[in-house]
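Before any questions on how it binds or moves, here is one chain, the form predicted on its own, in structure tokens.
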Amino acid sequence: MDISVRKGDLTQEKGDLLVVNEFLGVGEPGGATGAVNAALGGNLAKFMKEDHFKAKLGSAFVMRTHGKIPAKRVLVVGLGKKEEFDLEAVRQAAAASMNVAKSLGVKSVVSILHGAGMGGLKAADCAQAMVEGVRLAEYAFESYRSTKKEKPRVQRFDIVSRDGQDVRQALKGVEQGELTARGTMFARDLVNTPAGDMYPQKLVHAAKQIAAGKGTIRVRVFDRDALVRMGAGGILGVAQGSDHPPFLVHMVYKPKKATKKSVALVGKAVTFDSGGLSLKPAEGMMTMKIDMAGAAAVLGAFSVIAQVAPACEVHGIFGAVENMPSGKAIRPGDVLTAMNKKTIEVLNTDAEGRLTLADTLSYAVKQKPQAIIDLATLTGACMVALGEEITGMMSNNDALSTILLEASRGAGEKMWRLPLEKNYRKLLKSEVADMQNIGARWGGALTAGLFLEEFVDKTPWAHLDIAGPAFAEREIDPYTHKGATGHGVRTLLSYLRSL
């Protein structure tokens, strides 16, 4: 599908579906919607009123034009309350229009530039959000279907505005939106792939493919022997029970004129988590292919980083392992030594992600970045606290957390900062080692964050627990259907652009 932006008059545009918008509670349509309504002899407003259309965010009203304007149908998409309008509303409105277009089987869509000039939103940002919404709503993972139904596909999605300046700005936004959506879908594909086909070696392959032919990206891969020499006891310990060998992957993006600043992105990369000898129940394993979603987000960002072209050096680091039960698996009570020499008593082998992150965070510190951001499907406790749609953020640095929260808001990825309560550190005290890998029953997300903080030294660091939003068990919004979401990619790219 081609997405473009151009100058034009919506009332004169040809297409199978013409998209305009409306806020909740507006009596008579104004602006471009009002112009289309006038061209239709007032029938748009009349029929919307007769059908009790409320214009809630993502809602849709469709009518045929019967030749009164060149477009065959008009779709009014709801923007919700005007006082709550933001870029996420733009993203969802565009996605809703794409969903309607798919359901109608139309080939061409012409849409208003949602949000331009509303609430101080910039045309470029609105266009980017629209492209993200459209592309992510269009996404489908069908690699494993034996028969694929041939469905009519939308071939063109044209964004039209009468303001030439808005069009010029929107062109840049479309370009950025295409990159961000592509990175997000790259991550979605990785996470959606069954664990039988997405084992540690496949993540290594994905990293190498990303770097192939790009002079600004290089990759180093450390195998089991190298990990032994490096003292990566966390990664090696978790991998003991699996037939698949572990790897530590270090990707580096370095532009030709890099600033002195560098950032490390660290992802949890457990390609399947059975729980190890602390075996999960069958229901708990059904979606455990998603336990590498943190690394998938890092790979998704790196898949487009050369085109996004941040000015600073960026490191992408993950320890790829599989957590399985076998006669070789680590046992509750075993003690591991992490790369920074700290010893860890493993009381629960299902708290394995933090063991691999102990090594990857220690390795990240050695690269001397100015900031470290890790993403991990780490704790069910975070989901208990914040639900399925919100990432829990923990950080040792207020400035870093502030800029990440701002990036997440613009990207439409919900995050909430949680405390690193110093008094809870005693809950990780071990009788036989420096620390243990689980705390008490309560505050599990916080003790997990405190555990990770032990491996970042004094480097500014933020931990993103994406256990909830990494995978949608139901439809969340018009562009997030059931399955992998690629959560974190848009925030990372927005953050990198700001540096």
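Note that the structure is predicted; figures quoted are calculated from it, not measured. In case it trips you up, residue 1 is the first one in the sequence shown, and so on.
Only in words, not in the display: the form predicted together with a small molecule, which the text now covers.
This chain is displayed without the small molecule, yet in the predicted bound form the stretch 284-292 from 138-146, 255-263, 240-248, 284-292 comes within 4.5 Å of it by heavy atoms. A residue is said to contact a partner when one of its heavy atoms sits within 4.5 Å of a partner heavy atom; K268 meets this definition for the small molecule in the predicted bound form. At a distance threshold of 4.5 angstroms between non-hydrogen atoms, T379 is in contact with the small molecule in the predicted bound form. When the small molecule is considered in the predicted bound form, T343 lies well away from it, no heavy atom lying within 4.5 Å. Taking non-hydrogen atoms only, D374 never approaches the small molecule to within 4.5 angstroms in the predicted bound form. With the partner removed from view, the residue among A351, A385, C312, A211 that has a non-hydrogen atom within 4.5 Å of the small molecule in the predicted bound form turns out to be A351. This chain is displayed alone, yet in the predicted bound form one of R218, K280, R331, H205 has a heavy atom within 4.5 Å of the small molecule; that residue is K280.
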